[in-house]
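Consider the single chain below, provided in structure tokens and representing the form predicted on its own.
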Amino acid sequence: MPRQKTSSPKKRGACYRAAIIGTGSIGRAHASGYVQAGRIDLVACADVDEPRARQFAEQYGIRTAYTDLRAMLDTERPDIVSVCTWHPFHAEMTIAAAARQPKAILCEKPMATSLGEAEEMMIACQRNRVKLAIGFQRRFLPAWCKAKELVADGAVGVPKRVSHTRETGLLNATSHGLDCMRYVLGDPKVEWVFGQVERKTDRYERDVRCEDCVAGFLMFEGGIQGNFQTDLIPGDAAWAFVQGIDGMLDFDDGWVRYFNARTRGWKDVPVEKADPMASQAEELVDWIEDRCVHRGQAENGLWTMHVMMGVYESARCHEVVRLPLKTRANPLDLMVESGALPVERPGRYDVRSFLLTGEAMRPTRR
């Protein structure tokens, strides 16, 4: 495959060496962001699928492709490591990368598949003095940034309620939705969650147990209420809104509108176009150089883990769950494995099986 044609921005200051673990679609998104950002050289990639790793290396002009991530980390000693594999591998690979002490790790969302895994990632990076960010790249979308700005500027008055609707599972797309609600409000803590889960089929998402549908409520500090739903509305449904005492804000990835007493109806807000992957990479370099704190810092990813696992724990225990959560295991797994949430329509299936290549019908555990 010919090398990807990209612009070559002028690099400013120090240049950092980056390596990518996992060369699927999100790995390509990270690579594109690094190429666009400047100040970053892609020097290596790793994937258990050797032909795919070699193709990826050719596409992005990378010198060396590996099938062993630890061999790559030991040989290349990158400054930046992207973990772009499926969810079950995030903790193991982030911890392995942290042990080699790069300057920063950018791990894809969700941070992990349990709170215990996420905490281990945090500890590994803290003890090795590695900056850890979680890839909630939508925080860099101009529409989301504009929505956050409007709320902070009082366009709808004091916020009272925020809501988000998504598809394809709590840990997958709804992790973005929960992160969105915190981001647009200025990243407040979450005091409690109350949720309900349905799982009558043996559904998985990227080799992680996934519910058929889920919905819940949460309370942010300051008394702001939140609610969300996932896989209850068919079709490509995704949107968010913020209700304040003086108006309402409605937005998604590419548009923003709001109304209040002055607008006389809905007012569309112009939104520029920008690649959030490039912005995410640029801010990672600024964070390495101590010019800012990355908006995807792991503390924010950890709060999203507390909320998601708290929703599952609420369904497991039939109660409001106060955060931070104390249960370190994945409560959905606990429900299924204990028989409290039995499969009524047997037959395991994975809603992301189309991402596999070759003859594979199940993901490799190598």
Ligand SMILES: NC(=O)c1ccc[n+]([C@@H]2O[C@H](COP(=O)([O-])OP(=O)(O)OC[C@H]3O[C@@H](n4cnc5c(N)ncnc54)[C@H](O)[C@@H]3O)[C@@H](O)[C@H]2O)c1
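One rule holds for the numbers: they count along the sequence shown, beginning at 1. None of the values given here were measured: they were computed from a predicted structure.
Beyond what is shown, the protein has a form predicted together with this ligand; the following relates to that form.
Residue 243 falls outside the set of residues with a heavy atom inside 4.5 Å of this ligand in the predicted complex.
When contacts are judged by a 4.5 Å heavy atom cut-off, residue 135 counts as touching this ligand in the predicted complex. For residue 321, no non-hydrogen atom is located within 4.5 Å of this ligand in the predicted complex, even though that partner is not displayed. In the predicted complex, this ligand lies farther than 4.5 Å from every heavy atom of residue 260. Put simply, of 182, 294, 148, 87 only one has a heavy atom within 4.5 Å of this ligand in the predicted complex, and it is 87.
Comment: this ligand is not present in this chain, but in the predicted complex one of 172, 201, 227, 279 has a heavy atom within 4.5 Å of it, namely 172. Contact with this ligand in the predicted complex, defined as any heavy atom within 4.5 Å, is confined among 308 to 316, 295 to 303, 41 to 49, 329 to 337 to 41 to 49.
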